[in-house]
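Here's a solo chain for you in structure tokens, the form predicted alone.
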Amino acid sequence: MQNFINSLPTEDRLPLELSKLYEQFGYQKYCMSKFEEYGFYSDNRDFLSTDGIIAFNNSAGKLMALKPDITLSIVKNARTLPFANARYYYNENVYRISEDTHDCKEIKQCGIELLGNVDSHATAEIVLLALKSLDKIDSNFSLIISHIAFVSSALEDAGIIGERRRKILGFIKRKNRHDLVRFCEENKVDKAITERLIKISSISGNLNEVLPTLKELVTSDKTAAAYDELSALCDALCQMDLYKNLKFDLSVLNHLDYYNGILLQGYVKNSPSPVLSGGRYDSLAKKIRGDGGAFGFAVYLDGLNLHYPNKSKFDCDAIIIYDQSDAKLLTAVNDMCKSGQKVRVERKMPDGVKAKKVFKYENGNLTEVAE
């Protein structure tokens, strides 16, 4: 069975391997309908990563939407028990309108969501699963971790909101120190705040190495809690083999209206774009459910077949060429398949198909021939 799984295209193999991984850590599979009432997504548009919701009227005239997001559905519908976290994983497709082409597109995703008490263990567990998920794609990967508290605290202390906030966040994301300093000077931002923002834009490296610098940015209860959270995460993961692939970078600032704590962004060697994204989103859970914490991530499968093509030289283990069939031919094929081989039966050798062995079937006998 494992040989069969290994032979599958990457986008088909990963959901099987990731499902097994997540179930080993106690996550249950979540399945959802392709459709949800449009009003639900419209009411929570601030939490969506896209404005493009594909809508239609059902047979009863109700406005429906093709699901643009899975997390929203899980937060809305997941059942939780007292003193127990809800752990779900999913293999689903979402439907969005492309910002580039404005065409409808279908996106394959796998991921996990944890709802409830997101303590230090739950945080470390999810980060470890993110590391393991990336490793399933390529051992040459990096998981970037960040924390929103440091930059949001600096902006709150300076009273920076609206368009000014958006511009400063853009400078920090691009590590554009020159324009960040110029913009702060033009907008008369306090020099101490400006220095904090400059430091935030430049902090990156191994988590254990940047912790002393992060401690210098602790200016409030919020940043103290963030520092303690990252320090506990470092202690929990530093002995893990995959810890070497965990990097810290405060310039990673994704969707601040959605996330409120730790952020995750994952890269693999052959893909130019992030293949994993996620973080802590308590504010969404509180809006929909009323209380509780929430943390999760998604793995994006689209395009992985292009970047990680099947490396097998052969399309099948054996091809059998026959002139006339009889009951013995089907028996012979069945026996080969029972032994774990992939077998293809044809009248003539098909163009462009490669097999480890080629057989000719005549008079009830199989004879190996040169391809």
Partner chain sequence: MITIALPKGRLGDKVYNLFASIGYDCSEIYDDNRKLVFENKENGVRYLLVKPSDVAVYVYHGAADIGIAGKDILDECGLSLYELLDLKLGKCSMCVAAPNEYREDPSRPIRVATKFPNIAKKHYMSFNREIEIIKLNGSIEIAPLVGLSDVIVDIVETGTTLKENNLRVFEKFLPISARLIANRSSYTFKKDEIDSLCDSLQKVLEEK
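Given the structure is predicted, the values throughout are model-derived calculations rather than measurements. By rigid core we mean the largest C-alpha set that fits within 1.5 Å across both forms. Positions refer to the first chain, counted from 1.
Here the subject shifts to the form predicted together with its partner chain, a form of this protein not shown in this document.
A.B. asks: For a quick test of understanding: in the predicted complex, does each of Ile144, Arg182 and Lys269 have a heavy atom within 4.5 Å of its partner chain?
C.D. replies: Each of the three qualifies.
A.B. asks: Determine which one of 67-75, 232-240, 269-277, 88-96 lies within 4.5 Å of its partner chain in the predicted complex, judging by heavy atom distances; exactly one does.
C.D. replies: Within 4.5 Å of the partner lies stretch 269-277.
A.B. asks: Exactly one residue in Thr219, Asn176, Asn208, Asn187 has a non-hydrogen atom within 4.5 Å of its partner chain in the predicted complex; which is it?
C.D. replies: Flagged contact: Asn176.
A.B. asks: Since exactly one of Ser204, Thr213, Thr80, Ser120 fits, which has a heavy atom within 4.5 Å of its partner chain in the predicted complex?
C.D. replies: Going through each option in turn, the one that passes is Ser204.
A.B. asks: For Thr194, is any heavy atom within 4.5 Å of its partner chain in the predicted complex, or not?
C.D. replies: Thr194 lies outside the contact set for its partner chain.
A.B. asks: Within 4.5 Å, heavy atoms only: does Ser251 come near its partner chain in the predicted complex?
C.D. replies: Yes, Ser251 is a contact residue.
A.B. asks: Note yes or no: does the Cα of Glu163 move by 2 Å or more between the shown form and the other one after the core is superposed?
C.D. replies: Yes, shifts by 2 Å or more.
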